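Encoded as structure tokens, the following chain is the form predicted on its own, with no partner shown.
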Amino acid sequence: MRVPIFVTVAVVRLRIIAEGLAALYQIPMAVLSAPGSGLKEKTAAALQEPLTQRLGFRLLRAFLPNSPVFSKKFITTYPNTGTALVTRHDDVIEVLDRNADFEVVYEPRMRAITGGENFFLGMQDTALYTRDVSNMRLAVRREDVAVIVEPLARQLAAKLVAGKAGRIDMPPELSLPVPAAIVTDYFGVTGAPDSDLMEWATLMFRYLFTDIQGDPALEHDALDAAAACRSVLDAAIAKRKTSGETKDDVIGRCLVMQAAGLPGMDDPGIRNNLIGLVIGAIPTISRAAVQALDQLLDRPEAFASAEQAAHDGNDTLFAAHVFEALRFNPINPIIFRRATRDTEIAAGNFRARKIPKDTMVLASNLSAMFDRLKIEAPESFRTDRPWGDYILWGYGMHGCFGAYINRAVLPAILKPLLVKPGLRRAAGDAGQIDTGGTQFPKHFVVEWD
């Protein structure tokens, strides 16, 4: 006998409430067990943990899915009048989909990075946005992923791992060098050591997307990095033009479009788009690779299954393990937007919330990916989920430009490790992610037999 849908929904909602009540106990336990000498220090440490974050969102989804609008400005880097937090899947998608009502805020810092012009990730849905994205889609082609990018990443990752005798520090020795090679070999950005590109890209990304309190020291370092990166890009473009070299990479294709007279493809336009791609490629791919492996190592059954898929050459199944692991700790658990007018989210529902103009809305994609009303068995590690269940790199108009590159490169980076016998964390602190006080992994050592 088929169970009526309203009964199923009622059972799911009761389970959400029960899990929320359980989180009321689990969160204090997580805080008390966190490292630190006092409650404030322990709370700060606990909130850095993905599990604690998921528990907090579980509590909010059950009892306060759309928070009241707080007058406190949790993000002070960009102008706003207050803060609202959104945790339910449908409401997160609504915020990220309504571009006219909830805008990206990055433009002032994008202009500081480029030295004047905006980059399309900081633009609203305008003609300039369409022009620049269209131009770069012609230069960074989806078919390149399988033909150029994935083989490059796979071969380099295998070489880097093969050169190590049973131990590797992932960020500096694997997960950063691979996307840096994509920037140099595929984008065509030459003229600087890979180590400089890694440092510059990470500083600029932190300045744009994770510096929510306006750190003056970070701003200084990031703008210095931006100036150095602009100089290298300008030189790379000029060298290509004066040498007459015709190479089928991203810079080469941009110059072909420039010669054809396409708007937005002058030298500064090419430079500005490339600097945005450099920022988006290197630190995000590295962080995602480290966090995915970290989550796999925390789950012996899932890790063993991923190892088997890697040994069997089942790349589709192996990739499914990687992205499911990343769901438990995505690189950005919250995506923020600013309300452009007085508006409302979840209209017609009990959880509807009025959002005043200029409110900063924190839409939690981490929470959305664990919403039991939308995601089947959200707390289970499953490799059969539809891709639509994942919000790993934003959503909609401002979803990650390089999402298809990420989907190919992340498994390519990790597979050479997963086929090593006895892969495990290094002992002690070395085997834990060390961000050096930033949001990006600097060290994470794994070993094998």
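From a predicted model like this one, the values you see are computed outputs, not experimental measurements. Quick note: we count residues from 1 along the sequence shown, nothing fancier.
Here the subject shifts to the form predicted in complex with protoporphyrin IX containing FE (HEM), a form of this protein not shown in this document.
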Checklist outcome for this item: TL;DR on 238-246, 259-267, 326-334, 84-92: the one with heavy atoms within 4.5 Å of protoporphyrin IX containing FE (HEM) in the model of the complex is 326-334
Checklist outcome for this item: Answer key, protoporphyrin IX containing FE (HEM) contact in the model of the complex at 4.5 Å (heavy atoms) among 281, 293, 229, 157: the residue is 281
Checklist outcome for this item: Exactly one of 339, 203, 197, 285 comes within 4.5 Å of protoporphyrin IX containing FE (HEM) in the model of the complex through a heavy atom, and that residue is 285
Checklist entry - Could you tell me if residue 420 has a non-hydrogen atom within 4.5 Å of protoporphyrin IX containing FE (HEM) in the model of the complex? => result no
Checklist entry - For residue 397, is any heavy atom within 4.5 Å of protoporphyrin IX containing FE (HEM) in the model of the complex, or not? => result yes
Checklist entry - If you check in the model of the complex, is residue 119 within 4.5 Å of protoporphyrin IX containing FE (HEM), heavy atoms only? => result yes
Checklist entry - For residue 402, is any heavy atom within 4.5 Å of protoporphyrin IX containing FE (HEM) in the model of the complex, or not? => result yes
Checklist entry - in the model of the complex, does each residue in the set 129, 277 and 393 place a non-hydrogen atom within 4.5 angstroms of protoporphyrin IX containing FE (HEM)? => result yes
